[in-house]
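This document contains two forms of one protein chain, each encoded as structure tokens and listed individually as structure 1 and structure 2.
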Structure 1
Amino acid sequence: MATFILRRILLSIPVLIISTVIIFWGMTEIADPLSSLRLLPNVSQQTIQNIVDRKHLDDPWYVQYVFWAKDLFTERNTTALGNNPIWPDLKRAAGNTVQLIAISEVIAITTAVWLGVQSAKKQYSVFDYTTTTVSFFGFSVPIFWFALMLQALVTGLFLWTGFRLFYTFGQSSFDIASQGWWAVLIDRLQHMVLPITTLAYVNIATYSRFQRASMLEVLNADYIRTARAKGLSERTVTMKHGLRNALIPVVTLAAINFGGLLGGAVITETIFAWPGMGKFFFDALSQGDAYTIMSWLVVTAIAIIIGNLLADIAYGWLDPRIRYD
């Protein structure tokens, strides 16, 4: 297993290098780093010339790439106009997003597994039909609209009762830090509930469908009958023999998803002004800074590669038939 992980990590390196090339080439193809700056009236010719020199914009793209890649993970990876280092902000954003998706994924997986298992055990029951229908809504309600409705509801409640249950905006309240760690924690949670609900809602629908399908398949398996014939309790049969097998696809999917989510919470973070990766990307794209976007893409690519690696590890860990050596 250890050698497998090591080999997978080593194999990921060329994949990562190729994706940085594609990211750089793609971005320079579709987005001239200077085009947005040229439109700004207060940017002088001299400033632009400085940027051209600094980023080697007169050279062909592959030369530019080498200069860019050399400095990618250093202080010298900066924005075009302000020459500000990109990493500090990006790191902070990544940390904030991880908080959000870690919690929402835990909630989504546990809820979805429970829902999926229950609907599979009671296939065609009212409960099953209800969760199926609700999950169809989950697939059909746009996330951004769902988030807006949550916001409207909570704000409406606040305006109506004057009671602030959750915050609809940002990460923490102004000057909360002075009121002790307990207040900070509560305040943070109040800010997190809505974005987490939004993110979890998206995944619960998918995961629970997955879980239901794999649980149904497993419950029809011969080894479940064997387990029953042994005289085991129904609980042991479904929860030990069934669930252990039925979890494999969902856990694998969730692991893959984890990487994608790091870069994928754009809508949620933008609407709730959560200062994470998604918001960071949205702002970078709105300002049109190619270097910020490229750095962001590299981080996301790494996250996705790690997510796929995690999926492989989880798969090998859960399913003894998979042997990595």
Structure 2
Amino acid sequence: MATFILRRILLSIPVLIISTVIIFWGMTEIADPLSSLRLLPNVSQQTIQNIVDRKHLDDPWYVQYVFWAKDLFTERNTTALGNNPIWPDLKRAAGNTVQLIAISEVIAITTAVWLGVQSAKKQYSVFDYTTTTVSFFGFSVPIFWFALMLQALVTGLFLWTGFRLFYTFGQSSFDIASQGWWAVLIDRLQHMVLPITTLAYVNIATYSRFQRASMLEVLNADYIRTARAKGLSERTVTMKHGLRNALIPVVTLAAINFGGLLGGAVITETIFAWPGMGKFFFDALSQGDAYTIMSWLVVTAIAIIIGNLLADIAYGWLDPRIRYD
């Protein structure tokens, strides 16, 4: 296993390099990185020329790439306008998004696995039809509508009772730091509940359908019938022999979803004004700063690579038949 992990890490290096080349070429060769700046009347030609010289924009794209890649993970990786370091704000945004993703994914996976297993064991029952209906609702409802409905519900509850259960926007309340660590913790949780609920519900709908289908296939396998014939309890057959193999599709989906969530929670974070990767991307896109967007894309690519690596490691633990020799 250690050899496999090392091999996968080494193979990930050229994948990341190729990803950065595609990202840079796509952002700089297809469009002018300074196009939005050239339209601003208060930006002088000398200012634009200074940026061109600093970013080597007069050179071929592959020369520009070398300079950009050399500075990518340092504080010399700066915005076009203002020459501000990108990574401090990007690391802060990534940390805020990871908070949401970690909690929402744990809730989504554990809930979806339980729902999927129970639906498979009770196929065509009232429970199965109910979870299927709720899942289809999650598939069909736009995420922005669901987030807005949660905001409206919590706001209506506050106006009716005068009691603020959860906050509908932001990461923390004003001047909460002066009230002690316990108040800060409670306040942060109150701000996190709605975006976490939004992200978790959408994923529960997806994961539970995959888990149900995978569990139905496993429960009809020959080795499950053999386990039952040996007199093993139904719980042992389901949880020990069936669930581990049935988890593989969900693990695959969650691994792929990890990178997408880290970089793509744009709608959820924008609606709830959560200062994470999604809002960071939206702000960079609004400002038209190509270098900030490229850095965001690189972090997303790294997250996807790490997610796939973790999925491959989990395969071997879930299914002993998988070998990495």
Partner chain sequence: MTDQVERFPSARADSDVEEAVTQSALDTMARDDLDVLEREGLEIESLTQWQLTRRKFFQHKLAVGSLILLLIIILSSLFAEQLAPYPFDAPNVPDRSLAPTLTDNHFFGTDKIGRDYFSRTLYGTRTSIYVAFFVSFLSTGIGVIVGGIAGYYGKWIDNLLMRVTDLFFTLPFLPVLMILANFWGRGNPIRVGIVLAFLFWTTLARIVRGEFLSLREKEYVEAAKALGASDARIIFRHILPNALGAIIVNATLTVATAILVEAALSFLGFGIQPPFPALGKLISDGQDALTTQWWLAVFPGLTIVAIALCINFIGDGLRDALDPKQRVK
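Not measured: the values here are computed from a predicted model. For the two forms, the rigid core is made up of the largest set of C-alpha atoms that agree within 1.5 Å on superposition. Residues are numbered by position in structure 1's sequence, first residue being 1.
Shown second, as structure 2, is the form predicted alone.
Core-superposed comparison between the two structures: the CA of Arg225 exceeds or equals a 2 Å shift. Annotation for Glu29: C-alpha shift of 2 angstroms or more between the two structures, rigid core superposed.
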